[in-house]
Ligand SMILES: Cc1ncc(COP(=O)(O)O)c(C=O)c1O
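Take a look at this single chain in structure tokens; it is the form predicted on its own.
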Amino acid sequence: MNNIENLKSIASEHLFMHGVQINDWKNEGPMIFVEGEGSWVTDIEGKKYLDMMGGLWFKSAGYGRKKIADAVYKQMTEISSPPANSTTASTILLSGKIAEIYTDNNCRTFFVSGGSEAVETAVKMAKKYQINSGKSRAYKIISRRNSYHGSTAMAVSLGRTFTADPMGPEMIGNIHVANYNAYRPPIPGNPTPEEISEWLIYELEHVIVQNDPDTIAAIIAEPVSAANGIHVPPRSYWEGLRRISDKYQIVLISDEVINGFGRLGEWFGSQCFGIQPDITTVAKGITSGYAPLGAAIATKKIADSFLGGQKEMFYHLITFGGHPISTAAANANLEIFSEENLIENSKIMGNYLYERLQSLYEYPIVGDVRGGLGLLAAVEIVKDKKTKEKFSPEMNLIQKMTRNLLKNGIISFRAGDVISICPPLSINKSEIDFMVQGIESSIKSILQDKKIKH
């Protein structure tokens, strides 16, 4: 048995693949990748693909960054981890770098291991802040339907998304409101983005009042929700979230695990909408996936509430949170961002990508193209453009679109009714052209399917 067959045999018997049904890959074996460079990855059989999803929303600086590997090696050979209740230079320096680029330069950062932990930490921090501030009955959290805030039990409760398994009772005190969606708006007629925004903020305030404002600790939302289909809201929507949060003394949490670190063409997504969250959660792009790291970034107002004694402190512990190997990777990653001006490249290439995608409207199954804010975009496939009717699950659109993209040299496991696009921030125009051409060819293949009527 050769090495490839041996690896696939072991995987078929012993491996769980994240987010994938075992039966979908057990017989053929999982795709195994051995090399990456820039926006491209090479599998164990030598086939090369453009990674349209940047790993899973995180490979911001691209593949093959030796500078990050060298930083990790240096940290590991010096001190791999410090004793309890202490830290290292790399972790301290990263907190300072975040403060320099964050909208509140006096912020304080609590490091964790990843995005789900960042959300758990932010919610816990918000509740303790309310206790320290005299709002002792505040335990409820408002979130938006069809968002994704992580895979832990509490984070799953927040999202109410298709990726969450039903596991019984959700977190006590969790309240869901409508999410922003201009293609399928929550109100009848053909409302403008501003009208949708106004209605959503009205609904939010109504829900707050009905549930007693004194019992509500926080509101959590992504600047642009990936799980909800990458709908870009108008500035007024986030201004409304900020206004309502202030009015009722509610902590506003911006979940930027995907949106943060240049994905939307700014360091943080909240900057695109001109507002200051109270707590921001980050992960993924902070290290470009070279090491696991997440964080909850608290403004000075939030952080200062924990100063005092044992009663006031934020008593929270994550064993590997702020691990020096990960913070060393993050420091090197952010240096690459600055040296290569990846934030600006995200903005420029994001505009170019959005313009190139407009040509797909000529196809009868392309209902909507979304993006224009950094390198995060989506193409929505529908059965009927006029009614916006979706294809039935029996069409296996996810499987078909994924395979079509692979045939066109593109790897993406977020393609089906919605083709999500989240490439490395280092991508160039020729690679975007290749990507759009691959999407177009994949759409043509879908149209040639005899089962599809259009």
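One rule holds for the numbers: they count along the sequence shown, beginning at 1. What you are looking at is a predicted structure, and each value in this text was computed from that prediction instead of being measured.
Form predicted together with the ligand: not shown, discussed below.
In the predicted complex, the ligand lies farther than 4.5 Å from every heavy atom of residue 278. Residue 114 belongs to the set of residues with a heavy atom inside 4.5 Å of the ligand in the predicted complex.
Within this chain, residue 119 lines the site of the ligand in the predicted complex, having a heavy atom no more than 4.5 Å away.
In the predicted complex, residue 266 stays away from the ligand, with no heavy atom inside 4.5 Å.
When the ligand is considered in the predicted complex, only one residue from 258, 123, 232, 302 comes within 4.5 Å through any heavy atom, namely 258.
Residue-level contacts in the predicted complex: of 262, 150, 367, 350, one residue has a heavy atom within 4.5 Å of the ligand, and it is 150. Comment: 249-257 is the region of 313-321, 187-195, 371-379, 249-257 lying near the ligand in the predicted complex, near meaning a non-hydrogen atom within 4.5 Å. In the predicted complex, no residue of 19-52 lies within 4.5 Å of the ligand by any heavy atom.
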